[in-house]
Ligand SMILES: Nc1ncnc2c1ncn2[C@@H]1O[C@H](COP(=O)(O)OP(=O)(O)O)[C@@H](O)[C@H]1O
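Below you'll find only one chain, the form predicted alone, shown as structure tokens.
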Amino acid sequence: MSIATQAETVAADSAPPLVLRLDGIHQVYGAGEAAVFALRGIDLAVASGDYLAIMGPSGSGKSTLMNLLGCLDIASEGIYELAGHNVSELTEKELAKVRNREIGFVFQSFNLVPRMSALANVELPLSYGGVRRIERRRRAMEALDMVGLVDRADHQPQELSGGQQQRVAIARALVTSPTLVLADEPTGNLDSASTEEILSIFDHLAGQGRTIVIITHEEHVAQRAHRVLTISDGLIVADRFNEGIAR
């Protein structure tokens, strides 16, 4: 084996493992003349520790892509592998397990249960996963500590600011130690100060080696990611790394 070949082998062996891979993904809604081609051949690989922002105008296909990445929908054609699972081959029950164990969701509207405390909201994914109460409480408190909200554990969502509610949502996303954190417009309902708080948390998580994918239409949010993907008319039209941001 030549020295060059040896170097290539070492580089491949030392590369971080892939968390997700999309190969030839198409998504079509309807049929015939009414068919809508939302995605038209998406190829994408995201490695462990990547911090990726996906941008695109309204109707570009980014929301469709987000639903596929989150296993909320199945592609019409192509292969999607997440954490070693071929998503298209999973049953509904298996998909639910993957969503609960492998993906931590953060939504624009927070999606917190109104009459439950912050702590109880964070515990929810563990409850669905059958984790015992004492262990749920311990892990939920650890997750709230990660976002600086241990002192708000007993507060209900209406007693928290928008930024605090989103921090609770991030804690809920982290509590299962997911393979992928998937955030859909996570700062869309926040003021500038709260936006900076949330982005700083994502910066910190990325620094810890978490794998994060953010869907956003805001350039200043995308600029915090290590890598920015731009989608238009169901196609990836740009895939770049942000200069000056170390991975």
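By rigid core we mean the largest C-alpha set that fits within 1.5 Å across both forms. Each residue number is its position in the shown sequence, starting from 1. Quantities reported herein were computed from a predicted structural model and do not represent experimental measurements.
The same protein also exists as the form predicted together with this ligand; that form is not shown, yet it is the one meant from here on.
J.: Going by heavy atoms within 4.5 Å, which of 203 to 211, 59 to 67, 186 to 194, 41 to 49 lines up against this ligand in the predicted complex?
T.: Contact criterion met by 59 to 67 only.
J.: With the partner left out here, check for me: in the predicted complex, does some heavy atom of residue 31 sit within 4.5 Å of this ligand?
T.: Residue-level check for residue 31: no, no contact with this ligand.
J.: Taking only heavy atoms into account, state which residues of 97 to 112 are within 4.5 Å of this ligand in the predicted complex, ordered by sequence.
T.: Contacts from 97 to 112: none.
J.: Look at residue 35 and decide if its Cα position differs by 2 Å or more between this form and the one not shown after superposing on the rigid core.
T.: Yes, because once the rigid core is superposed, the C-alpha of residue 35 moves 2 Å or more between this form and the one not shown.
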